[in-house]
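We begin with a single chain expressed as structure tokens, specifically the form predicted alone.
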Amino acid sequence: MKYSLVCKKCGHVTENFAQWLAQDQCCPECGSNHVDVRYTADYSKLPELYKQSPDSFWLYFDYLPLEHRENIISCGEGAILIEEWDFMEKYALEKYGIHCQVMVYRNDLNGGTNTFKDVAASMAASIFKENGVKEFCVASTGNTATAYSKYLAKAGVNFNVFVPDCVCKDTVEEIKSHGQHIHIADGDYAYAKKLAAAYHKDNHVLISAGNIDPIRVEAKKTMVFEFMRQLGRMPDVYVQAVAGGTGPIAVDKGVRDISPVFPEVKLPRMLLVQQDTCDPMVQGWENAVKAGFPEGYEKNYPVIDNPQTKVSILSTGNPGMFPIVAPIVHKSGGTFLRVKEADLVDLARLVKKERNVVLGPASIVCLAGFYQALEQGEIHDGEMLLMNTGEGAARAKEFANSL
């Protein structure tokens, strides 16, 4: 047995994904859909893989929940060259006197749809192919919808996606171009999720388990392996824009997987960023800080109905993952940061000038977090920061045109 899925609530063991999918992706004992995937593979062999130059995250096949390599569906994702952006380092030194390294993990270089969601879509398509899944549905703010539509089409899976009414027109057209089915909700992301759940129930179609979906988490945890392969160590600080928070959940999982064998691998301090037009996690965190992190603090967060933001990818007004993400951030010694949406275009222009790169708005929210962190004293002398940027301008043409 290569792996198993262990319920985080009651400890029940599900033998494989065939069984997990047959259980409608929940524990048959307690009904929880939150599981850890555990492996029989030897993690001490990871350093041998670090010597290779992979074309995708499937270099780490032994530590992923797929049984047979012939079922892999990949477009070259997850093995992205980490870049050092010295103009940000110079800014930190000249304005704040802080020496730091700024490393950027550019998901716009992924070979699928140029987004952070490509690794998850590759993992999903491969697992579905291996287990004969023919239909799937999901609610998405944009990037998951696009990535899954492409990869699942390659796996021959009929895909229905439900998106909020603020979705980019480019997203709609791209999903249709892969022959998949898009349903635009007459409301926000929370309403789109209700429609997807109803479709799942009425049509007996598998649905995404959301940000704790082990398919997503297991794919994205390979970031940790890539950081070790390319940097030789874990960064001191991890920065990412968040709507739901699979990224930090996955980094925590990757560290937990390998730290028993490599105790030097530590969870980086997490700085998670939201724009001021949709910042429920930031507000929830601020409430927790003011109250001194009392027991159950993670369950206290606001819900923003129909958030008015131009960053549709980050338009999650009901942060259902806050109870899971907040304790990870707290454990890491990190924080949540708020940046001004009005400043994003100017920062995107700066990035274009300095690096000749046009990124999407969610990526710029991540980079804006660096400057906000400096202002709030959240970056310390001598630290290495890893900026996990989400998507390229091709995923948000209206934003790119505004530059």
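One rule holds for the numbers: they count along the sequence shown, beginning at 1. Small disclaimer: the values here were computed from a predicted structure and weren't measured.
The form predicted together with a small molecule exists for this protein as well; it is not shown, and the discussion that follows is about that form.
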| property | result |
| --- | --- |
| Listed range touching the small molecule, judged in the model of the complex by heavy atoms within 4.5 Å, from 147 to 155, 247 to 255, 201 to 209, 168 to 176 | 247 to 255 |
| Any non-hydrogen atom of Ser74 within 4.5 angstroms of the small molecule in the model of the complex | no |
| Close approach of Ala362 to the small molecule in the model of the complex, 4.5 Å, heavy atom | yes |
| Contact of Val217 with the small molecule in the model of the complex (heavy atom, 4.5 Å) | no |
| Exercise: Asn143 in contact with the small molecule in the model of the complex, heavy atom 4.5 Å | yes |
| Residue among Ala120, Leu314, Val224, Val237 with a heavy atom within 4.5 Å of the small molecule in the model of the complex | Leu314 |
| Listed residue that, although the small molecule is not shown, lies within 4.5 Å of it in the model of the complex (heavy atoms), from Val104, Leu271, Val242, Val138 | Val242 |
